[in-house]
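As a starting point, one isolated chain is supplied in structure tokens, in the form predicted alone.
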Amino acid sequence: MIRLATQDKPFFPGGLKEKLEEVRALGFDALEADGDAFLNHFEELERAAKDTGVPVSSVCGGYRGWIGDFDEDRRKTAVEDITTILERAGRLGAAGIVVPAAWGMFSLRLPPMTPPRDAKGDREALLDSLSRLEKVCENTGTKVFLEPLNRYEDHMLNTLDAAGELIQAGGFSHVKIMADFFHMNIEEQDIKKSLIKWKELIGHVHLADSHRYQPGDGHMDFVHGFDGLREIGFDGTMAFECRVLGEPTRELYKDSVAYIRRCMEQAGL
């Protein structure tokens, strides 16, 4: 059964227990927590999930460095932080962590357009990082959800093809593709066809509309994409990763949850 989750929002309460209660009040099934909560507030998070009965479905961000970092020390630090997060995610029953190659580190579409490391070096760094994390996932029962970002936010992995081919090259069993509708809207020719092509590897989904705000406020055809998810039998978590445009913010966000559930129903999810 597909679960709808949300990341934390600026208008959520401060305490983790109160955040989880707000998640449920807005119509979500779970929280996609920031990695900082796992690294620095894990006991509080564990108590909050137990007290509220609202699960933590997954993790996104909150660690230092990137698995494809140009700086080797920062790359190793990212692997160390993600390792700790995965160990704790396993204890809490979270499926795993969303991990891009990097975010905001370099773009081939913006000056200077020549990265400090060639494509072969990028691939070697990513395969090494993912190989280390694959072993952690085996021991913790978790997964790494590898996220392609659009061409302006990263230069290494921009499409589902790029992520899927890297996973296949590494022979990974515990690394899956994280399919983000916002990034796919920019990079994929057809979101539904791309999801179907990589049906064996789609492990997690992020939702935002065409302008990165709440679903239903832009021009994204979610029903078309959801039809692809239905066809591949996707039964994981779809997490809202978006800003919220307009006032009253909380009510608009709640309306967006209802909108997405209608789209899911139309697509037969």
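In case it trips you up, residue 1 is the first one in the sequence shown, and so on. This structure is a prediction, so every number in the text was calculated from the model and none was measured.
Omitted from view is the form predicted together with a small molecule, to which the following refers.
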Students should find that, of 166, 94, 149, 160, the residue having a non-hydrogen atom no more than 4.5 angstroms from the small molecule in the predicted bound form is 149
Interface check vs the small molecule in the predicted bound form: of 78, 98, 177, 156, the one with a heavy atom inside 4.5 Å is 98
Residue-level contact is defined here as any heavy atom of the residue lying within 4.5 Å of the small molecule in the predicted bound form; does residue 212 satisfy this criterion?
yes
Is residue 67 close to the small molecule in the predicted bound form, meaning a heavy atom pair under 4.5 Å apart or at it? no
| query | Counting only non-hydrogen atoms and a 4.5 angstroms cut-off, does residue 143 reach the small molecule in the predicted bound form? | reply | no
The small molecule contact in the predicted bound form: residue 60, any heavy atom under 4.5 Å: yes
Answer among 41-49, 224-232, 23-31, 204-212 for heavy atoms within 4.5 Å of the small molecule in the predicted bound form: the stretch 204-212
